[in-house]
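Take a look at this single chain, the form predicted on its own, given in structure tokens.
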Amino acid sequence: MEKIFENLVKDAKHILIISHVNPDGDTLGSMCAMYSAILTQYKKKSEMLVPSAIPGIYNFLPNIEKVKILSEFDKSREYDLVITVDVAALDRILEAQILFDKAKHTVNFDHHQTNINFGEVNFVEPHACSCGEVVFKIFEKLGWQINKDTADALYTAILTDTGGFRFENTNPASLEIASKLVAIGVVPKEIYNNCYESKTKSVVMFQNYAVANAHFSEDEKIAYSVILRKDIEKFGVKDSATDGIAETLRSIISTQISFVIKEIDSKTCKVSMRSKKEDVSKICEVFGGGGHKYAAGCTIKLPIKEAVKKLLQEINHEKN
């Protein structure tokens, strides 16, 4: 399978790499690593596409300035090869699916247990800590050169999806790969500072507000924060400012399940859910979402008050 992928890259004249919507460190790191590795190995420049805005904290990633946003992209283009990274389902790339469907060949790199292997070629490892881990293993098996740019991007992917090597998905493989990347030249402190210690004052104040106004139920076993559009506008932050709030709520000793529900418009909400023991991917699948056992998400097509009610009902149903 690895050789099939390599041959597709060799033969392709036009390559496109696509991340998921609301991009995080794993999808962006994996994308930039793929771009860098193909450029280094075959002197081929790929194109990179994200369905929505890139959080500013990832502006340090190598070649991130070459990424294009879906709204400014020519969707009439046809590619020899389209590669998706960290995309659990095709609806996570929004209208970029047009480009995926028209491509001569497609490759799917991912680690979500809900991925249905939608590519022509699939590298999906649900037990991997991150898509970055999956990508690294393929590069290593093929003997591709991993330079400093590729290493920085891969380390970012692994670091962020393991929560700084703190989450349950941290495993021997992820630590071994991180060690190899550091040996190549990655400076852990620099990557960590960029990912976790580069927040603006407004983001910090917004997140503190969201945590301070959290709700609790079931004897504080469930903790959640409701984010309205007016809250985001009040603090002048981007939607990505909600990242990390669910993890903070989960850190409360009594909490078993935490979630952040964010109002997109009057009839649509996005949910980010975390847990310590429960399989929250099953809860999110009810609403058309999915993810991992302890970290999942979904979109609910309801006004936010109704969405919160439905979500709590489903959590209690799953727990019982």
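Predicted model, so just to flag it, every value in this text is computed and none were measured. All residue numbers are counted from 1 along the displayed sequence.
Another form exists, predicted together with a small molecule; not displayed. Remarks below refer to it.
**Student:** Heavy atoms within 4.5 Å of the small molecule in the predicted bound form: which stretch among 43-51, 251-259, 284-292, 28-36?
**Tutor:** Heavy-atom contact with the partner occurs in 284-292.
**Student:** Of A89, I232, L142, V211, which one comes within 4.5 Å of the small molecule in the predicted bound form, counting heavy atoms only?
**Tutor:** Partner contact (heavy atom, 4.5 Å) among the options: A89.
**Student:** Could you spot which one of A12, L311, C298, I304 gets a heavy atom to within 4.5 Å of the small molecule in the predicted bound form?
**Tutor:** The option sitting close enough to the partner is C298.
**Student:** Taking heavy atoms only, is H105 within 4.5 angstroms of the small molecule in the predicted bound form?
**Tutor:** Taking the distances in the predicted bound form, the answer for H105 is no, it never comes within 4.5 Å of the small molecule.
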